[in-house]
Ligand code: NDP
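Listed next as structure tokens is one chain, alone, in the form predicted on its own.
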């Protein structure tokens, strides 16, 4: 096997939650580009089906869209069942779906804390639990969790204690699961992006350029990156190229956290 062959995922099945847009869409594209059949799991049918159909057309792989709310156990169970029914197995899970909001803690309703955690943390738990059962019964697999630099430093000037806490939970979850599930041939790793040019960041850049500049001033590279910069790292972690890695937290942030 050549070095580049280790990055191939031909014939494997990968689920990407939130794979209809932003970072998730870029990762789904990257996985399809190296031969994986991709399941796009998200709530919005129009963008989800469009993403799945485009991936199939552009990369000559098989794809599936499954309506999925990662915060609801029955929905996640249905997503896993549909994937196994279509493809027979699951080799890669990318827990990408997530949400964010701004709230001072003293003003935050309990419902908002629980909403953020239900998607960002409980969603990772549910998807990993039910996909993991398939991997344990099969030949193992690779799980890639989308954390954030917000798990290791304070966001500024936006108040996001609930978001940061939810991403910190993912980091701890990944460490423990990497230890517990190695016996089943399952590797678990994190990607921790910085300010990537998703729709939310693009909106801030357009409507609040002063805030965007505060973020950029903290970065060595002084610019936001497109979601596509995350895809090669996700492919690496999902493939045999990273066969000796598990329980790692990999930061990709334009140098923000080194200052």
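Keep in mind it's a predicted model, so treat the numbers as computed, not measured. Residue numbers count along the first chain shown, from 1.
Below: the form predicted in complex with the named molecule, not depicted.
Counting only non-hydrogen atoms, choose the one of 203-211, 54-62, 28-36, 189-197 that falls within 4.5 Å of the named molecule in the model of the complex. Of the options given, it is 189-197.
Quiz item: Which one, 177, 146, 131, 116, lies within 4.5 Å of the named molecule in the model of the complex by heavy atoms?
Solution: After the contact test, the surviving option is 146.
- Task: Would you check, heavy atoms only and a 4.5 Å threshold, whether residue 217 touches the named molecule in the model of the complex?
- Result: Flag for residue 217 set to no.
| message | Please tell me whether any heavy atom belonging to residue 247 falls inside 4.5 Å of a heavy atom of the named molecule, as the geometry stands in the model of the complex. | response | Contact with the named molecule, no.
Check your understanding: Is residue 97 close enough to the named molecule in the model of the complex to count, meaning some heavy atom within 4.5 Å?
Key -> Because a heavy atom of residue 97 falls inside 4.5 Å of the named molecule in the model of the complex, the answer is yes.
Q: Could you confirm whether residue 23 comes within 4.5 Å of the named molecule in the model of the complex, counting heavy atoms only?
A: It does: once the named molecule is placed as it appears in the model of the complex, residue 23 has a heavy atom within 4.5 Å of it.
With the partner left out here, which residues of 166-181 have a non-hydrogen atom within 4.5 Å of the named molecule in the model of the complex? Only a single residue, 167, comes within 4.5 Å of the partner.
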